[in-house]
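Just the one chain here, the form predicted on its own, laid out as structure tokens.
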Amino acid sequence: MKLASKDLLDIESLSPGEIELILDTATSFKDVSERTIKKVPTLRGRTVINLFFEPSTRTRVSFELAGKRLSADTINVSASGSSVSKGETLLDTVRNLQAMSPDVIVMRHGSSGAPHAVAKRVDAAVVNAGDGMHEHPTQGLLDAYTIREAKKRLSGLKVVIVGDLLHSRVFRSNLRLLTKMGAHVIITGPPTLIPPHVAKLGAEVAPTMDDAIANADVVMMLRVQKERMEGAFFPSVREYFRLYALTVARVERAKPDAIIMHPGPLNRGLEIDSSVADGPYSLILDQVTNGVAVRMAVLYLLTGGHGGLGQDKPPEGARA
């Protein structure tokens, strides 16, 4: 089996089979990060450019590590360090990068749809590392990997997603992926931060946090994205914490073996209590670890590794 597209731009365009392929391939790569020498020759001679127009820690570093652990030549370009800061257009920037014959361009941009526009104009595979308020597909994939690793399945799970749903590309990717794979997604948050018509995408809207979290298998908190807000979306930090923060008392309403997730960065004392974020239920750091393996899988599948486009398993050298 192989990925149908040369690019990974969103979850919406992936089939359940392709999602399973990416997650299974990530499992083959995860042990690489646990070795003394954290590198395999799988993508030797390939070039990956990380083109980031928005700040990032986890996503940028994990893509860089993913490329380097696969032995690809990995180049990082930020907006402040590119000719965009001199007035060059995005299209001219990527055309110049394409002239250097990269194999993959990993792109984060503040405008929804920017990676899609770039993908139509370059021969390189384009990976969407987050575009505006649209999607963040590799975050959705690594979250699914983390859930499947802990629960051994995705289908039939009750997954609760809480917080700033309106501005969250992570939410949109997770909702599309989890419902596609058979999970039951419940959402809640301030009414001003719940997207209109979200029920049509398969989410059930709960009136309160306590209603949502009851008997949950997975609780995923989202960051309040103040940088994308223009106006008052909730009364105060104190009010938000009282109504929507994940506290120890609220965790106790979920199933005894529930897992806690957050894509980061955390706003402690606003979205989540520190005792929960650092507690035994939390898989927040596991998400970060798994992000490297998932992004290795994505780079491998889009470039074909040693065996051609979409080879359905990594070469033996990646698993030795």
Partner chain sequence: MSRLVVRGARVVDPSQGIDEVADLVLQDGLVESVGSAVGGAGSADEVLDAKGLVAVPGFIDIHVHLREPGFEYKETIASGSHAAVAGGFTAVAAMANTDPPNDSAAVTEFILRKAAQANRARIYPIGALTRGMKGAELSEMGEMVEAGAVAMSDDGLPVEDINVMRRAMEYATIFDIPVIEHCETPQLHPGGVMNEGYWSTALGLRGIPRASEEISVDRNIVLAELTGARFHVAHLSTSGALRRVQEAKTRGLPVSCEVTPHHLILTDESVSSYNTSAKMKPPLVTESDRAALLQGLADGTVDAIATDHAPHHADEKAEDFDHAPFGIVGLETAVSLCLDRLVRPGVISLSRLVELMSTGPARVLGLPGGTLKVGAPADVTLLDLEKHVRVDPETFVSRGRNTPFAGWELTGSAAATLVNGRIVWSSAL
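Residue numbers count along the first chain shown, from 1. Please read these numbers as outputs of a predicted model, since none were measured by experiment.
Beyond what is shown, the protein has a form predicted together with its partner chain; the following relates to that form.
Proximity to its partner chain in the predicted complex, defined as a heavy atom within 4.5 Å, holds among Leu243, Leu91, Val205, Ala150 only for Leu91. Though its partner chain is absent from this view, in the predicted complex it lies within 4.5 Å of a heavy atom of just one residue from Lys158, Lys180, His167, Arg223, which is His167. Comment: 130-138 is the region of 97-105, 130-138, 212-220, 246-254 lying near its partner chain in the predicted complex, near meaning a non-hydrogen atom within 4.5 Å.
Contact annotation: Pro191 falls outside 4.5 Å of its partner chain in the predicted complex, judged by heavy atom distances. In the predicted complex, its partner chain sits within 4.5 Å of a heavy atom belonging to His116. Residue contact with its partner chain in the predicted complex: Ser112 places a heavy atom within 4.5 Å of it. Taking non-hydrogen atoms only, Arg121 approaches its partner chain to within 4.5 angstroms in the predicted complex.
Although its partner chain is omitted here, in the predicted complex all of Arg172, Pro195 and Lys200 have a heavy atom within 4.5 Å of it.
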